[in-house]
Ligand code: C2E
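Presented below, as structure tokens, is a lone chain in the form predicted alone.
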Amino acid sequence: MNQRQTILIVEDEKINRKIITKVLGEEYDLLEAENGIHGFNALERYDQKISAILLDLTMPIMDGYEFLKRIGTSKWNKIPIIVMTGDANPETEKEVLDLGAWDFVPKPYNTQILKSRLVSAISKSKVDVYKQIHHMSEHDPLTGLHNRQKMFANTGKMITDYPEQEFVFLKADLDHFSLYNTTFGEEDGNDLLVHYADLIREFCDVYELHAYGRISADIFCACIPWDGDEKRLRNQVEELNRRVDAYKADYVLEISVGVCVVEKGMKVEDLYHRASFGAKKCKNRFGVHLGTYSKEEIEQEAENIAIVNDMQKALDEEQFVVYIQPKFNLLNDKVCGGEALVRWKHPVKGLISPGRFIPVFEQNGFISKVDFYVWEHTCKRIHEWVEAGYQPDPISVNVSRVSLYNPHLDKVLIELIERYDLSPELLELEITESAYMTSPGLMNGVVKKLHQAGFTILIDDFGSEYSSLNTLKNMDIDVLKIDMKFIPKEDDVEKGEIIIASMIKMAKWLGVTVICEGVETRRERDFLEGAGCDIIQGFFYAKPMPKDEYEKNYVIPWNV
């Protein structure tokens, strides 16, 4: 059973309202208003229920002309309005139609004509509403571009319809758009998006075949023909960026565009993800606006995700194991300590290189948990050696950048050595130079607290920062670790040796002990001895080894 439609009658003459009610009452639900003000009150109250309005022109307070003007700019401007008046002349009819009326019925009413025109207006409004709903289902309301669903559908159809044509899929977004919104307000932000949409439209319309649309927020996508000319595409993107940046004087606007070549048979969603990966490569890199998809890089990204998915379970199940690499005193070639290094023995994938998981952990902050895991396992083993009556040399552990920013780092480490009844001299702390140089003032404060607690501080990877030599005098440290990467394996060996010898000499002048790591050959060992190095670490003497092997070879006295 069809729901009865509601008609609003706006007419000041009561007798006319009664006539209309008699004519239409059997087929429609009727609402009555004696002037335009009352008519708007009825619209506010019943809103979506009203299917059409029958409007008189001559009324007190607010007449039909004013009612038409106001409703034309309101949310009810799609409701069909049929004007009723005794002033039946072409000028009046033209005026009310220009104001937005749908039809015109003269008084006195012809019953059949009134009914017919009312049915026609309502039917037409339903068609218009359907068209509007259909349009809204495919278009972005702010920019007028196709939305994600329609743009993806158009892209898929275009690729299928033109199998001989190559295409590229692009994803473009504005850098720091949320900051722009915060700075200038949402209205200005919307204006920027509309301008950006117009530029995207111009960018694509030069091609006979194209598909483009707004995906969400400041993200737009396009699919255009590809002729293999990457330079041309890059120039087009740079021009697009220039025009975006010109939108707001004294404010830098940049875009990030990711691109991937369309492979036959691929889903559009997969193209979008590939282009997103390309866009990520140039995001927040000043002056870089185009990034291309790389299969190798996305495979690495997938591997990173797998690492993240497995990391907490690995920690809970103690899949991380501590290896120790010995350090040797150059005066007597005897062990004088070791460095604790973490390895991941995955139950399925086997041994995972630290070079694969450490950068991922540093990026997501999980490295702080791994730090503590290594610290505790190292303290536990040193405690066992001491309890067994051995006199172990100190073991150094790495302290990541994330852990250094923990304001309670000194308390955490003090509590740890107290729990295992250890002297702080047995647990040395290695800090990378890059972490130190990120915030030297803050790091000096951290180092001071750790020194006060009795810990020995080593700076690892010294020389990796351009300002190393200039800032060495300001570092409150005990030991400098220099990597042998400064000496090339083939050319310019002499220059590398000069650099390392200079570092060693400078450290000696400052009363700092020097360890050189990565030593692999007799030649390197002898050179370092001549340069005045104190301690060396590297494959020439020993590789990192499980704790039990280190204990057997370097902790238990030979006469036991």
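All figures in this text were calculated on a predicted structure; none of them were measured in a lab. Quick note: we count residues from 1 along the sequence shown, nothing fancier.
One more form of this protein exists, namely the form predicted in complex with this ligand; it is left out here, but the text below deals with it.
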Is E517 close enough to this ligand in the predicted bound form to count, meaning some heavy atom within 4.5 Å? yes
Indicate whether this ligand has at least one heavy atom within 4.5 Å of a heavy atom of I367 in the predicted bound form. yes
Check whether N398 has any heavy atom within 4.5 Å of a heavy atom of this ligand in the predicted bound form, and answer yes or no. yes
Partner proximity in the predicted bound form: Q325 to this ligand, non-hydrogen atom cutoff 4.5 Å: yes
Which of 202 to 210, 369 to 377, 95 to 103, 262 to 270 sits within 4.5 Å of this ligand in the predicted bound form, heavy atom basis: 369 to 377
May I ask you to choose, among P354, P394, G189, P424, the residue with a heavy atom within 4.5 Å of this ligand in the predicted bound form? P354
Just to confirm, with a 4.5 Å cut-off on non-hydrogen atoms, which of M437, I298, L315, L341 contacts this ligand in the predicted bound form? L341
